[in-house]
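Before any questions on binding or motion, here is one chain by itself as structure tokens, the form predicted alone.
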Amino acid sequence: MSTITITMNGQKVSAQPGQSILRAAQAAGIDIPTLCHHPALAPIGACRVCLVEVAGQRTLQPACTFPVADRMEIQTESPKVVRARKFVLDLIFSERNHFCMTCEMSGGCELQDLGYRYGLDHWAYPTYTQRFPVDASPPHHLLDHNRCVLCRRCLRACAELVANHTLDLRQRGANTMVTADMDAPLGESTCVNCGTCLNVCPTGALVDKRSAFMARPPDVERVATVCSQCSLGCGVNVVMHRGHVLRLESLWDAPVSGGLLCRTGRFEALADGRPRLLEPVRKSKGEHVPISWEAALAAASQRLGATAPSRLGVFTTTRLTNEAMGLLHAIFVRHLKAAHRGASHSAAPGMTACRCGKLADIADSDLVLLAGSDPAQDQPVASFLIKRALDRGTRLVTVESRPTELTAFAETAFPPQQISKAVALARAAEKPVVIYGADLTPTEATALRKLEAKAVFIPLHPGVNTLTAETFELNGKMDAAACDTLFIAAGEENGTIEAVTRKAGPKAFVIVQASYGSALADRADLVLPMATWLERSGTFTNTEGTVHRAHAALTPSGQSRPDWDILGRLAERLGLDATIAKDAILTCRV
């Protein structure tokens, strides 16, 4: 692409035609202050903080929206520009309550930083003239209108990123306020509680309830990792202070989600109140007795090794890492040859002859055909991406036996017996994308394969690391009643796999590898405490088939250990050759 040359503060700078002054300056390492601007949102030039002086222009221009032109001359910190910015900031500080000493964001507020930058040491105009309400009705965050600067970042994030369109402005002038729907409390509105607005707010107007006033923003540390609540593999920043997790934030450069998180991934992942399993225990005379890791692994390996393959079972959650599932495969499939194997979820049916795509392909499609899946319920970020495409003109066609949240957005919703009509609409489209899930029936799958030459297919596997569980043959025939010994890798599952042990015989020896106490752990004859998703590193294969690396943010609690560490030690106890276990791990990364 051809470039042009502009002069910025007397410095020659290369820029792209049509690029904004702000982006050209950022590329050249020149700082232009902003307030309403956010890199993930379309610029609107509302706050006027980024005003610059452009030669030949009668007035100052907003750098975020004004395009560059060849040989343009720009001043970003001239006396005229500085005076204008101070005036703008004086006006902003004069509206509402911006007393930093009592604000949760003090030390990390963009408005406060601008005040320091331009030497604002007093109120130029009367302030605190009107008290505004605080909306604390949402379950996880609150909206303090007294701190709002009306930058509209939250409105734009709700519309442009999440495509939920809940937020807007009401009233006019100094009485203007952010509102939800038709002036409903946030907690009673169509808000999906994804929290995206929290991460774009430049002040303390939108606050996370869990972490409010727990630490000054400059004092926290962030660890980038992968959310393990569904199969998308969204990027997430774990915000910590002195070894404690405060909150989860958007990771804007994440390859799949691009900064998006859902309610489960941002808030509910930290809301598990179950007691942790902190030490290995073995049942003795009906009571759980703490034992050492050496004794626990010895007991597990002895029992597993002494059980006939036809009477041995393994059941796993799909929340385990690739490394752990590779070891389960090495131990139970290749070495012990367990006859009974099951997983908490089954993958979507394979479409081997079809062209597999990525979630990013949704943005370029002109028609999305959704079948056998409910992304709004199971993978909410995928539903955000679908609705964003609809805002740009993409059509949605669904095949469903019951209405879902996305039904209201569909051009047409067909019952399963009329899937051929949906296929005909997709065939007539120019760039169709087929999104399908594990609920797809064989008849529906056969009908969709007629689009293999035209459409891009995107599977939405349920669970988390379900694709790897299928690859490693961990989801086969399972009859818990036929097992004398049953190994259950429960991880962080919450009441979803207790049915497996209820089917097991009363004399079956049950080994449970889990993070939290539950009825499953109570039934277990041997409990191996496992680290949580925040306490372990490893890799996950997402629904697209892409491998993502997760990083531990915390040290494992008590004597708990990562899933792969427990299984690796168990493999050693069973006499597996080290290279076999290593190969099993590496297989999942190919």
Partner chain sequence: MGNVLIATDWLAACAGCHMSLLDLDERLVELLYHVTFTSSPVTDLKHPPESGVTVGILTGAISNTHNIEVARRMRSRCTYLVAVGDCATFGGIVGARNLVGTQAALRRAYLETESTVDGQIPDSPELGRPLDFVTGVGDVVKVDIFLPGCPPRPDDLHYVFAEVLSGRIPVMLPRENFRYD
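These numbers come from a predicted model, not from an experiment. Positions refer to the first chain, counted from 1.
Separately, the form predicted together with the partner chain exists; it is not shown, and the next lines address it.
Partner contacts here mean any heavy atom within 4.5 Å of the partner chain in the predicted bound form, and among 454 to 462, 232 to 240, 123 to 131, 148 to 156 they occur only in 123 to 131. Checked against the partner chain in the predicted bound form, the candidates Gly357, Gly258, Gly115, Pro138 yield a single residue with a heavy atom inside 4.5 Å, and that residue is Gly115. Note on contacts: among Arg216, Arg274, Lys431, Arg210, the single residue with a heavy atom within 4.5 Å of the partner chain in the predicted bound form is Arg216. Among heavy atoms of Gly119, some come within 4.5 Å of the partner chain in the predicted bound form. When the partner chain is considered in the predicted bound form, Ser292 lies well away from it, no heavy atom lying within 4.5 Å.
The closest non-hydrogen atom of Asn475 lies beyond 4.5 Å of the partner chain in the predicted bound form.
The partner chain is not shown here, and in the predicted bound form it never comes within 4.5 Å of any heavy atom of Thr190. Counting a residue when any of its non-hydrogen atoms is within 4.5 Å of the partner chain in the predicted bound form, the hits in 87 to 111 run Asn97, Phe99, Cys100, Met101, Thr102, Ser106.
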